[in-house]
Ligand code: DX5
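Heads up, the chain below is alone and in the form predicted alone; it's given as structure tokens.
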Amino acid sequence: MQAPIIAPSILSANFARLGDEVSDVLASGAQWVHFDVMDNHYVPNLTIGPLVCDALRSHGITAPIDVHLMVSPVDQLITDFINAGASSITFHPEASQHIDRSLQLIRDAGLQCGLVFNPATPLHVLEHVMDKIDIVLLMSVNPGFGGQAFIPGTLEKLRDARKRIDLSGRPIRLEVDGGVKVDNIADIAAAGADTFVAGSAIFGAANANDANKYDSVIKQMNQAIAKVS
């Protein structure tokens, strides 16, 4: 298992001061910036696009930006986010007409790529692409909205995904997104996850305007993960 990564989802950040919010959360110990892209088509919500990603890079954000595309079709936005400065791009297999082609589009640009599985989406497609992916992202809520509760059945699915990754012998990250909090992150880590997306649990943790306002919650998350590592 790889070293754990905390990836705050900016969907829950204060968009009126997004650049500062991202800088603050990285200063507090987060390693990645998670970027939830929704198109009001594949999922019933509309969020942010490549211009915001580009703006964060222009603001001076150098940390990895982990783009999760909840859109259909995916290929044009893959290209747009490559050009906007994304570090990794994941998408849902059912949103691409040609999964292998979409993955190759990301890989050819030198980015990490991966697939995202909704709570009721089986993992069998992994059998055909394990040599082409860097990330497996399991949704622990139904995609479309932040602030939802973790679906307990995801733990067994995480264990299944972890076995598949370990058998492949490849350094594939196992990421989980949805309802991740201080009080359940240890169970999620014990089930095999090594990359943890948290939105409201982090950005809703404090109201102060100082740069280290997220220190406590990220420290608690890392301590909980360390207990099961």
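Here the structure is a predicted model, which is why all the values come from computation and not from measurement. Position 1 is the first residue in the sequence shown; the rest follow in order.
The same protein also has a form predicted together with this ligand, omitted here; what follows describes it.
Participant: Which listed residue (70, 165, 30, 189) meets the criterion of a heavy atom within 4.5 Å of this ligand in the predicted complex?
Facilitator: Result of the distance check: 70.
Participant: Between 172, 185, 65, 38, only one gets a heavy atom within 4.5 angstroms of this ligand in the predicted complex; which residue is that?
Facilitator: Contact check passes for 38.
Participant: Among 127 to 135, 147 to 155, 83 to 91, 105 to 113, which stretch sits within 4.5 Å of this ligand in the predicted complex, heavy atoms only?
Facilitator: The contacting stretch is 147 to 155.
Participant: Residue-level contact is defined here as any heavy atom of the residue lying within 4.5 Å of this ligand in the predicted complex; does residue 11 satisfy this criterion?
Facilitator: Contact with this ligand, yes.
Participant: Looking at the partner-bound form in the predicted complex, is residue 193 within 4.5 Å of this ligand by any heavy atom?
Facilitator: Close contact is absent here: in the predicted complex, residue 193 is far from this ligand, nothing within 4.5 Å, heavy atoms only.
Participant: So, in the predicted complex, is residue 119 in contact with this ligand at a 4.5 angstroms heavy atom limit?
Facilitator: Because no heavy atom of residue 119 falls inside 4.5 Å of this ligand in the predicted complex, the answer is no.
Participant: Is residue 139 close enough to this ligand in the predicted complex to count, meaning some heavy atom within 4.5 Å?
Facilitator: Output for residue 139 is yes: heavy atoms within 4.5 Å of this ligand.
Participant: Counting only non-hydrogen atoms and a 4.5 Å cut-off, give the residues of 157 to 177 close to this ligand in the predicted complex.
Facilitator: Counting only heavy atoms within 4.5 Å of this ligand in the predicted complex, the single contacting residue of 157 to 177 is 177.
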